[in-house]
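Heads up, the chain below is alone and in the form predicted on its own; it's given as structure tokens.
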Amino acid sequence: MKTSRSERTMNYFVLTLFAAAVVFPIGWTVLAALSPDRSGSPDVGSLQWSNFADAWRQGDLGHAMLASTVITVCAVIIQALVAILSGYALGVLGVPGSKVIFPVILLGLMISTEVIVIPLYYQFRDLGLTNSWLGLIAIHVGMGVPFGAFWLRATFRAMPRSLVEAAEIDGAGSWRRLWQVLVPIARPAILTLTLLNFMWTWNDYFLSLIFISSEKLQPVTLALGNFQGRYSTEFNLLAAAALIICVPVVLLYAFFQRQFISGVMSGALKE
């Protein structure tokens, strides 16, 4: 369908408006982080790169980055493995009871974190898992598995059934069919799931606030909250700390951008 010139102009105008609305706060935060003025007033003429070093040192972001890295990497790896196995069992193998198990797993998507956080806290406290990385990792794994199982079940079910049957005729066992046939094809969907889980776990603030009380164990989101309390009058350092914390997610997205878009748009190969 051919679009008129005025329609194209209007489309570009709207898209430019949305792009500006997204880019402006990011650009303003970057300029504030480089500002020599404590209020963060942008000053392009005298950029102060040492603000990032000061924010890193004064906010003790090294320990927080280590905590977030350990929690996020462990949680995301376990989430991905459990999602692949559950998606394969429910979507391809058709294990007995899958018609009952799958809706039960999906209940995890329908119950909000705020509803279960109080009983969860007392249960984890009795088990000695509060104020520990292990407890927080277990919670993130439990919260991420329902979406992962749903995502990869749909991905595996969309693949050609003949592909699995051909591998089975060639003598491939169930494990080989999964890891050498299905997983390589589902790579964009798995990477998309990994990136989403990484972003959700890294940016978590609510669960960390409830379950982590020691400053030595707190992840970056809590460290930024404490930094804001101590340096609320130095907005340039606060903006620099916020940008430092965003770097891992931005780098990961930039590295896997093509696979992420492919996974979101197509999901998997279809017959």
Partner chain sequence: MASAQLAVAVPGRERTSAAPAGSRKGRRRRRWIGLVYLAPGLALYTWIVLVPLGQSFVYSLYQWDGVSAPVPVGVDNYTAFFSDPELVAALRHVVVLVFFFALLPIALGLTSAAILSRRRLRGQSAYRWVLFLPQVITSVVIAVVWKRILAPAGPLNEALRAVGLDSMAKSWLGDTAWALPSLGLIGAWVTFGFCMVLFIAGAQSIPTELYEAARVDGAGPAREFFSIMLPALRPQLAVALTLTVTAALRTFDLVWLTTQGGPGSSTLTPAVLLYRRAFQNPDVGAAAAIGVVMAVFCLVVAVLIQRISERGETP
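For the two forms, the rigid core is made up of the largest set of C-alpha atoms that agree within 1.5 Å on superposition. What you are looking at is a predicted structure, and each value in this text was computed from that prediction instead of being measured. Numbering follows the first chain given and starts at 1.
Beyond what is shown, the protein has a form predicted in complex with its partner chain; the following relates to that form.
Margin query: Does any part of L193 reach within 4.5 Å of its partner chain in the predicted bound form? Heavy atoms only, please.
Written below: Heavy-atom contact with its partner chain at 4.5 Å: absent for L193.
Next item on the list: Decide whether I245 counts as a contact residue for its partner chain in the predicted bound form under a heavy atom distance cut-off of 4.5 Å.
Entry: Yes, I245 sits close enough to its partner chain in the predicted bound form that at least one of its heavy atoms falls within 4.5 Å.
Note to self: How about G173 - does it come within 4.5 Å of its partner chain in the predicted bound form, if we only consider non-hydrogen atoms?
What the structure shows: G173 belongs to the contact set for its partner chain.
Notebook entry, point to check: Applying a 4.5 Å heavy atom distance criterion, does L217 contact its partner chain in the predicted bound form?
Noted result: Looking in the predicted bound form, residue contacts with its partner chain do not include L217, since no heavy atom lies within 4.5 Å.
Item checked: Triple contact flag N11, V145 and E168 to its partner chain in the predicted bound form, non-hydrogen atom at 4.5 angstroms -> Yes, because N11, V145 and E168 each have a heavy atom that approaches its partner chain to within 4.5 Å in the predicted bound form.
Next item on the list: Go through 146-164 residue by residue and record those having a heavy atom within 4.5 Å of its partner chain in the predicted bound form; state none if no residue qualifies.
Entry: The stretch touches the partner through P146, R161, L163.
Margin query: Does I26 move appreciably between the shown form and the other one, meaning a CA displacement of 2 Å or more on the superposed rigid core?
Written below: Indeed, I26 is displaced by 2 Å or more.
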